[in-house]
Ligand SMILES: Nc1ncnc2c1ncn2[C@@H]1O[C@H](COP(=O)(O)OP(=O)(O)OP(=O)(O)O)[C@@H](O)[C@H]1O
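First, one chain by itself: the form predicted on its own, in structure tokens.
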Amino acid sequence: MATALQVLRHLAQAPLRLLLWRGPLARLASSMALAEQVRQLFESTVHAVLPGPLLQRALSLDPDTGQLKVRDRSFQLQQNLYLVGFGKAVLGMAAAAEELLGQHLVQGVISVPKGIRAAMECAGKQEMLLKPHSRIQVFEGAEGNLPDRDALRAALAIRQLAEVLTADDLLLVLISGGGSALLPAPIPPVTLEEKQTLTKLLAARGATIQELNTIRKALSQLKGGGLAQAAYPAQVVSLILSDVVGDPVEVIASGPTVASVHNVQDCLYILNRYGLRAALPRSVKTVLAQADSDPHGPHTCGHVLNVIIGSNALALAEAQKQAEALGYRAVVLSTAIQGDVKSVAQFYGLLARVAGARLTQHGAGASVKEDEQLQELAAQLQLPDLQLKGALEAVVCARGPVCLLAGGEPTVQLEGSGRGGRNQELALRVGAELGRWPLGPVDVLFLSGGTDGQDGPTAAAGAWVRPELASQAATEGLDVAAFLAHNDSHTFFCRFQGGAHLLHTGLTGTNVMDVHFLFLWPR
């Protein structure tokens, strides 16, 4: 007898006309099947940015000559290759590099998240694991994506390896999201605890990833070009899996192989903005006072080749392709969604209203006021690549279900002490927004998920919601507003309908920020 999961997977492959049948006996099965289909689309999206295949496409080795080609540059390998890496996707990147370059690799050190090897082994992802007698030493740390003593030991081992290299050596640096937490090496007298406390305070007050990294670089031995400086005069090739909006190499993992363009005044501006300058520990004030305005200098990174091998844009391109294969009219809205999660949720809620009206009534159901509000919200979010006009035009032309795709990394200003992450909070807020307006003859589903498979300090990657969320939650005695007030989205989703709306993937071994799916089906 087929299990419930097998039935759902079978339904997820069914034609959309069957899934959208709204007969009274089919509503629950249809809803569950659509959710399963969306989950599978998310998994396909993540699969497109797995580190191994991306790295293998970026590198090519001539086994006869020992020539390693990276983009338009060639490097001669003669037992002179060293490897370091740090980030959530680096274990899989290192495994792929070892497979391709193993005979030339002399030594390596990587810093990866706590428990990732066991998670990959348990999931049967052997391609993400190093060989039994690997020359690459693995440190696990940064539990909960926070720098700790284990990550500090890894950072010091990486620095030690880099400092002994010569002009005849080549250092391959593997970088992905989460690299900042996995490469903590504060400049004395700043301690790891002091730097960690400052980072937490900034994050809790809504500092962007760019602002956090500016402070981290100023207080770090290895960030902001410090690793490149330590490795000089060796040649350095950095292969980077981007988890930052716009893919700026100086920001990803705080730019350890890119000369810093920020100075002390930039740091003081950020600290003033969030009201933290007066509360700084003396050690931080000492380091900032002693810092040169351009501590590493661009001349120190002329020996570095930085290459982006994967990004959120690549993931969304695959999602678009897969959604279209399932029968959706799929449009990528933006790869740069950022800003306060409350504003982002309002944007998605109003977008569902406006797009839904255009889909079902060819624009007649959307008021001029709602269109104007949507445009104003979009302007406030300042999304540089937003394709709102084109997306709405595509919705008008669609004759069936629509999938609007986006990616990025919104921020959450903490007001409570609950559990959750930005994806679960965004989903919960969007669910609340969807319930505020009558959406007409259209069904809506919104999903937000982290491509690394871990949303904040929880085991979920994110969550999905529908317009009925608030009313259904109320019947279970759950007050959506109360959970949001305490930033307790994970607890809400665990309790709501037995956790059925949580997105569980396990650690994926990659990290290219978050993806957001907004589905609309005309009834």
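Just so it is clear, the structure is predicted and the values come from calculations on it, not from any experiment. One-based numbering along the sequence shown.
Missing here is the form predicted together with this ligand; even so, the following discussion is about that form.
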*Does the 4.5 Å heavy atom contact test between T508 and this ligand in the predicted bound form come out positive?*
no
*Could you confirm whether E433 comes within 4.5 Å of this ligand in the predicted bound form, counting heavy atoms only?*
no
*Although this ligand is absent from this view, report whether T45 comes within 4.5 Å of it in the predicted bound form, heavy atoms only.*
no
*Look up in the predicted bound form whether G418 has a non-hydrogen atom within 4.5 angstroms of this ligand, and give yes or no.*
yes
_Candidate stretches 170-178, 226-234, 349-357, 131-139 - the one whose heavy atoms come within 4.5 Å of this ligand in the predicted bound form_ = 170-178
*Name the single residue among H262, K342, R277, R422 that comes within 4.5 Å of this ligand in the predicted bound form, judging by heavy atoms.*
R422
*Out of 331-354, which residues reach within 4.5 Å of this ligand in the predicted bound form, heavy atoms considered?*
none
